[in-house]
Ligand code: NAD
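Just the one chain here, the form predicted on its own, laid out as structure tokens.
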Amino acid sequence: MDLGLRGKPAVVAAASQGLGKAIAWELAREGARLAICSRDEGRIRAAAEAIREDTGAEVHPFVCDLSREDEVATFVSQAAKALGGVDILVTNAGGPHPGHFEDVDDAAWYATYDLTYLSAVRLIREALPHLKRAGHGRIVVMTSISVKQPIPDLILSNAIRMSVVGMAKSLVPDVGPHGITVNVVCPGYVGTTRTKELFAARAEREGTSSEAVEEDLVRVVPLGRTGEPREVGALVAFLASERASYLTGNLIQIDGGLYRGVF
């Protein structure tokens, strides 16, 4: 299937590793031209080089702390300049720290608000003029299955990510007349460094091994395994494509069947 992504300028945030990198890689395989960012200059340059070598795609790496308004504005401006515009935006950021309600203080709440919520708001705000000019823009907002089914020991993620969904859903009717779609992707347990860190933290707390924690959690996944980052990347590439031109305002989980709700 030709997704119609060849030559499309795409901006992917937090793409030096994990899901962001997998998404950028999949877009590159489909022929998109990329701008990617990370706080770590070495990692983002290495990711860009690896994607270029594998796909032959045009990839521009930038350093950006997504919790800082000025750096987000600079990143999107530089990305648009390097790519000649923005047709596709994937909002993404590192996950909040784990913890129960009584484990986190105001500083943690504010930090999560800046990184998880305001990063998405600011990326969209800066990219929107470019997406409107494109006339067929795609916004894909990365969240977590926690917005449909709260995850134990992730109070910060469970709470703040729901605000991201509210913002994204509210955006749909505002940008639809400009040909822009907005969809939210909700991954479950996917084999990334972030997931392994969460397994390790829970294992330490419970006095067991990361392997035992993973086995226990995967037991309730109907497909019986964690997902692969490339599988999430493939979904995002489709949502960013011409083939998804009538899909907007959706929350799409990719979780191996973990979520059991009807809606």
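Start at 1 with the first residue shown and count on from there. The structure displayed is predicted, hence computed values, not measured ones.
This next part talks about the form predicted in complex with the named molecule, which is not shown.
- Proximity of 33, 87 and 180 to the named molecule in the predicted bound form is absent: no residue of the three has a non-hydrogen atom within 4.5 angstroms.
- From the list 186 to 194, 165 to 173, 129 to 137, 78 to 86, the contact stretch for the named molecule in the predicted bound form under a 4.5 Å heavy atom rule is 186 to 194.
- Residue 94 belongs to the set of residues with a heavy atom inside 4.5 Å of the named molecule in the predicted bound form.
- Proximity of residue 64 to the named molecule in the predicted bound form falls within the 4.5 Å heavy atom cutoff.
- In the predicted bound form, at least one heavy atom of residue 14 sits within 4.5 Å of a heavy atom of the named molecule.
- Using a 4.5 angstroms limit between non-hydrogen atoms, residue 45 is distant from the named molecule in the predicted bound form.
- Think of it this way: in the predicted bound form, the named molecule has a heavy atom of just one of 115, 156, 141, 123 within 4.5 Å, and the residue is 115.
- Taking the named molecule as it sits in the predicted bound form, the stretch 15 to 53 comes within 4.5 angstroms of it through a non-hydrogen atom at 15, 16, 17, 18, 19, 20, 38, 39.
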